[in-house]
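Below you'll find only one chain, the form predicted on its own, shown as structure tokens.
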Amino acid sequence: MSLTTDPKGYWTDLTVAEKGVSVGVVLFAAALLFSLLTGGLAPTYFLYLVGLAGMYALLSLGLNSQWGFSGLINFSVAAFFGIGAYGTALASASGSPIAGGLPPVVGLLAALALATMLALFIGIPTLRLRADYLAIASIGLAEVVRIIVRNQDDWTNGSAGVRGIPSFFEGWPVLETLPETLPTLVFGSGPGATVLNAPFWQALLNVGLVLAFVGLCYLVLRRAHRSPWGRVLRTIRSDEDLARALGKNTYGFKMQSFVLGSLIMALAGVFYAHLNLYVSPGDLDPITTFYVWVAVILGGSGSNRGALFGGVVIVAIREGTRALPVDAAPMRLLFIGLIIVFLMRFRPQGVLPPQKELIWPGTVDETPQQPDSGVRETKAGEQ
């Protein structure tokens, strides 16, 4: 069923959880629209939240391609995120102690190269062993990267962080100056008027960038999930001995999955650096890894759409609690803890577990409910 050709049939074909999520998304979007129109939410801050949600969606997709596809336990999400952020910052920022001044695209490539090397460094000695060895090694890796970033002043500026990071579009022919050339729009009058000026257009450009990143990664992972490669990974996750008995090089497949997920996490770090224009060792705290794991479990391990949903929910909890009239930090952990408890109790498979995305939709839609003719009639030449 297609949403455009048969909306009613498409809605009927959804599961109860999918219907609930769809209604929740519509209500959430309506609440955001109402806040924008009434001035309760500044447009630039709204776009910043969208960018942050996209960043967490990227991190969740990266972890899902490791844990959800292959069963690889990676507790160093913050490390690969930090490698991406610091990789591009040290290459392109004016305040970089080792390089700086290079185009952001070069910083992107440098960050992805560093993430690949780090993934191979941690994956080569551990992926032949049991999954818990990778978990232990990844915890150590995350702390080693964080301590190096915090203490190596001559490489990373230490606890002062890296400033002077340019926009991702700096040096591009048209996009660099596009926000300044667009007109300033004013809606309303007085102090509560909504003004759309250069910072808004710049934020809109950043949102377009992260949505492009998320869309590209989602399409690649969705196709990979349904491909023979993805089926091998799911077999490895379910029964590695079976995959090995079928002649599959499980070590090679797990390495490919681990590197792919690490690259996506580094991509999230690259976007964050050029969105925030400043990175510090605090961005590599273990709480980032914790949030991303919760997002993947919330959405449903192995589900790409679940990873997207989980990333958005985490940002909604993180930023939504700032409006509470109490200290927000403990409230975030309280809400996330409650989510984990309810999920483990009532829906351990996640809100949107992988179902239809495991197979091509056309295969389902084109399969007849009943055969046109029986085997006996076919052999006899009857129709």
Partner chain sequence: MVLDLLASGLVFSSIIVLGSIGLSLVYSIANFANFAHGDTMTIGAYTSLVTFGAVGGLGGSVLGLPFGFFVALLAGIAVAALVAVVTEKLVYDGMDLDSIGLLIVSIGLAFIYRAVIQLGFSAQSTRYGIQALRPIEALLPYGVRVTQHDVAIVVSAAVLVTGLHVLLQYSDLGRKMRAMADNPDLARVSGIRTDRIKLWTWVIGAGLAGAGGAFLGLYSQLTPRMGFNLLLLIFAAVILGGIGSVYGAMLGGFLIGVINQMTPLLSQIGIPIGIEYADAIAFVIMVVVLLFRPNGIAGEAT
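Positions refer to the first chain, counted from 1. This structure is a prediction, so every number in the text was calculated from the model and none was measured.
What comes next is about the form predicted in complex with the partner chain, which is not displayed.
With the partner left out here, the partner chain still marks one of 48 to 56, 27 to 35, 311 to 319, 341 to 349 in the model of the complex; by a 4.5 Å heavy atom cut-off that stretch is 341 to 349. Checking L211, L205, A198, V144 against the partner chain in the model of the complex, a heavy atom within 4.5 Å turns up for just one residue: V144. Proximity to the partner chain in the model of the complex, defined as a heavy atom within 4.5 Å, singles out one entry of S238, T181, Q152, N249, which is Q152.
Taking the partner from elsewhere, M117 is found to have every heavy atom lying beyond 4.5 Å of the partner chain in the model of the complex. At a distance threshold of 4.5 angstroms between non-hydrogen atoms, A42 is out of contact with the partner chain in the model of the complex. Shown alone here, Y218 lies farther than 4.5 Å from the partner chain in the model of the complex, counting heavy atoms only. Among residues of the shown chain, L129 is one whose heavy atoms approach the partner chain to within 4.5 Å in the model of the complex. Using a 4.5 Å heavy atom cutoff, none of I98, G158 and Y272 lies near the partner chain in the model of the complex.
In the model of the complex, the partner chain lies within 4.5 angstroms of at least one heavy atom of each of the following residues of 107 to 143: P125, L129, R130, A131, D132, Y133, A135, I136, A137, I139, G140, L141, E143, in sequence order.
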